[in-house]
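One chain comes next, on its own, written out as structure tokens in the form predicted on its own.
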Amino acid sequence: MRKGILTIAAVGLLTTGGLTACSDDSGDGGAAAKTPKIGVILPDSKSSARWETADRRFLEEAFKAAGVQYDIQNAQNDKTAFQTIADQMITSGVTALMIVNLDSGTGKAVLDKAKSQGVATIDYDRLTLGGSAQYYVSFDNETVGKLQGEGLSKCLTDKGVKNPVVAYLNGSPTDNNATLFKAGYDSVLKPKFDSKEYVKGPEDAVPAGDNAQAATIFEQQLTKANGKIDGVLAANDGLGNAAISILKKNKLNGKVPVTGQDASTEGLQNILVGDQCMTVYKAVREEAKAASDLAIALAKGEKKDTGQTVKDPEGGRDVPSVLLTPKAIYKENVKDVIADGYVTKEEVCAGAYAKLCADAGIS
């Protein structure tokens, strides 16, 4: 596996390039007699830019390099479309199906149907609770949230804010990752609320992680708090930018620290200009590489030993998993994301951001 700025999370977990192959005796390995073909269903293109700008790109690169047939489609947050795409892929003869579920109910129905048709399955990025995927590939999502909580605390301290009022913009209530992120940042911030060091402000989950709705929700939060919000724990860069847009309207941008996640071009630019406190970088290239390695093996009727499992709290089963470690990004290390090839200097440092990039050591 190429060297990036991330590492595999679990102690003893083999790198994806060294996963141990073995024959598939599970009864799901009929793919060996068929032409390997991989189907991928992405969730949307509105909640985060990463699905189309990063995941699709890196998965395509991996499948092309391996010389396997593939079909990548985006459900655009439509549950009916999600199921229709899955049915079409199964009918077309995919031998492995990788999904990013819209919710666990829809995801489970798709995974169970695939399994009944002898199609191997992978949960990509989001675990389908109660599902039947043979593998789960993601990041340590509680750690993502913990980094966000620690980041907001650092930025509030740097600004010298006493007894700050902290608002939450959580991700979609149907996204299990959003639940894990919240568990992570609660582990940092709840003790501060309990000790009265911080004050818990308004908290809302944003349906489907929709950024336009997030702006409306945050404006309502700011009104409810009589303009007294000192920090915003936003679950990703899109939600963070929505909050920043409202802070700008109220001439509070740059004064109120806002978190993020995904290291999007927009998020990195917000950090450089001082409107966003931090983001969390998840090297999607590494996630896509781990998932594509597994998918290619499954498509050929093979299994791999990941050396790690994650407990599905609803299904009660241990799901073979690969979890990667995220990294906190502040102004001083925005350059690391560019150096890793996730975004380009040309994208981040365009126009008015050129001098800010130079000041941040991006050459």
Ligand code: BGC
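Model, not experiment: these values are computed from the prediction. Start at 1 with the first residue shown and count on from there.
What comes next is about the form predicted together with beta-D-glucopyranose (BGC), which is not displayed.
Asks: Can you work out whether beta-D-glucopyranose (BGC) is within 4.5 angstroms of a heavy atom in all three of Tyr135, Asp140 and Gln308 in the predicted bound form?
Replies: Heavy-atom distance to beta-D-glucopyranose (BGC) in the predicted bound form: none of the three under 4.5 Å.
Asks: Can you work out whether Phe181 and beta-D-glucopyranose (BGC) are in contact in the predicted bound form, taking contact to mean some heavy atom pair no more than 4.5 Å apart?
Replies: Taking the distances in the predicted bound form, the answer for Phe181 is yes, it comes within 4.5 Å of beta-D-glucopyranose (BGC).
Asks: Taking heavy atoms only, is Thr259 within 4.5 angstroms of beta-D-glucopyranose (BGC) in the predicted bound form?
Replies: Flag for Thr259 set to no.
Asks: Does beta-D-glucopyranose (BGC) get within 4.5 angstroms of any non-hydrogen atom of Lys146 in the predicted bound form?
Replies: No, no contact at 4.5 Å.
Asks: Is Thr53 close to beta-D-glucopyranose (BGC) in the predicted bound form, meaning a heavy atom pair under 4.5 Å apart or at it?
Replies: Although beta-D-glucopyranose (BGC) is absent here, Thr53 would stay clear of it in the predicted bound form, with no heavy atoms inside 4.5 Å.
Asks: Name the stretch, out of 161 to 169, 186 to 194, 242 to 250, 122 to 130, where some heavy atom lies within 4.5 Å of beta-D-glucopyranose (BGC) in the predicted bound form.
Replies: Checking each option against the 4.5 Å cut-off leaves 122 to 130.
Asks: Just one of Gln83, Asn270, Asn177, Asn74 has a heavy atom within 4.5 angstroms of beta-D-glucopyranose (BGC) in the predicted bound form, so which one?
Replies: Of the listed residues, the single hit is Asn177.
Asks: Though the partner is not shown here, which residues of 224 to 245 have a heavy atom within 4.5 Å of beta-D-glucopyranose (BGC) in the predicted bound form?
Replies: Residue within 4.5 Å: Asn236 only.
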